[in-house]
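Here you get one chain, nothing else, as structure tokens; it is the form predicted on its own.
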């Protein structure tokens, strides 16, 4: 029995890995095409990320002379593996997470740190001064966006504690949309928390205007300046998968609805429809939190990144939390 369960888990994990890589690269290609069109450029074809990965995999992997070899080669593997593991805990469409359980929302927050830490370790291990500066910037950025992200999660969990249950389970949170548990003040607070999380998203996935760790015009691509071949391809795939995972987390927290909740469908049709609807929601989250922001803004300075997250976004998230607290005292219905 245990062997059968282990076999199913391994097969499901392989399936999720293939799913994460394919759709991560696909959405990365769509993002690049949309941003190019917004900036009046033709842009690369949507399949370009797949072509880039294939080309990088065929190139020679060069290890710098001054690099710490084992750490330099291990960093991209850890980065990709941890990015894929994230999706094992996030509900996808009508499917329950493969490794979901008590406290997994806290675990997910910590796992989101691992890809960034792996890139920092790889940057330091490469022995390049540009990569060292990029690694230092990545650590500062990481410490900046984690606080408002934690405030958003705590606010949602605290609000759902009123109905009881396993409130620290991501599956439980996605099964009880916050919009159905709040009044008018809570609705406003939820929208503010969503806004804070949307602004945290480009920082979490290192996209403009928060990509200070990879600033090409300043530090020659920073963290990844010495990487090439297979190792660079793994980082490239990890970036796409993490971007998809972050958007999936936003969907699970704020938009967990399925089409089968509103339309009566056969079981198999419901699974397919909910899965496609999930991909559509992920696309919308990436459009508003990554593509539109990247097309319309320039890169911030590292000092601006810190002040934006530690002061502005943290205060916004705390204000949303306060509104949820007031919502318990002043029960004003919005529906």
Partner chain sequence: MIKTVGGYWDPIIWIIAFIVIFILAYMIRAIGKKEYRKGEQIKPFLSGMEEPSKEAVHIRASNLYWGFVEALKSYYETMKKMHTGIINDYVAWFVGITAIIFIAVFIVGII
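No experiment lies behind these values; they were computed from the predicted model shown. Positions refer to the first chain, counted from 1. Whichever C-alpha set is largest while still superposing within 1.5 Å between the two forms counts as the rigid core.
In what follows, reference is made to the form predicted together with the partner chain, a form of this protein that is not presented.
Joint contact, 66, 88 and 99 to the partner chain in the predicted bound form, by non-hydrogen atom at 4.5 Å: Judged in the predicted bound form, 66, 88 and 99 all sit within 4.5 Å of the partner chain.
Contact of residue 175 with the partner chain in the predicted bound form (heavy atom, 4.5 Å): Result no; residue 175 lies far from the partner chain in the predicted bound form.
In the predicted bound form, residue 254 touching the partner chain (heavy atom, 4.5 Å): Because no heavy atom of residue 254 falls inside 4.5 Å of the partner chain in the predicted bound form, the answer is no.
Residue 9, heavy atom within 4.5 angstroms of the partner chain in the predicted bound form: Looking in the predicted bound form, residue contacts with the partner chain include residue 9, since a heavy atom lies within 4.5 Å.
Interface membership of residue 48, the partner chain in the predicted bound form, 4.5 Å heavy atom rule: No, residue 48 is distant from the partner.
Partner-facing stretch of 199-207, 76-84, 178-186, 260-268, counted where any non-hydrogen atom is within 4.5 angstroms of the partner chain in the predicted bound form: Looking at the other structure, the answer is 76-84.
Residues of stretch 289-321 in contact with the partner chain in the predicted bound form (4.5 Å, non-hydrogen atom): Counting only heavy atoms within 4.5 Å of the partner chain in the predicted bound form, the contacting residues of 289-321 are 302, 303, 306, 307, 310, 311.
Core fit, then residue 129 C-alpha moves 2 Å or more between the shown form and the other one: No, residue 129 moves less than 2 Å.
CA of residue 101, rigid core aligned, shift of 2 Å or more between the shown form and the other one: For residue 101, whose C-alpha is compared between the shown form and the other one after core superposition, the shift is 2 Å or more.
CA-CA separation of residue 186 and residue 102, closer or farther in the predicted bound form than in the form shown [shift of 3 angstroms or more]: Those two alpha carbons end up farther apart in the predicted bound form.
Closer or farther: C-alpha pair residue 103/residue 78 in the predicted bound form, relative to this form, given a change of 3 Å or more: It is closer: in the predicted bound form, the C-alpha atoms of residue 103 and residue 78 lie at least 3 Å nearer than they do here.
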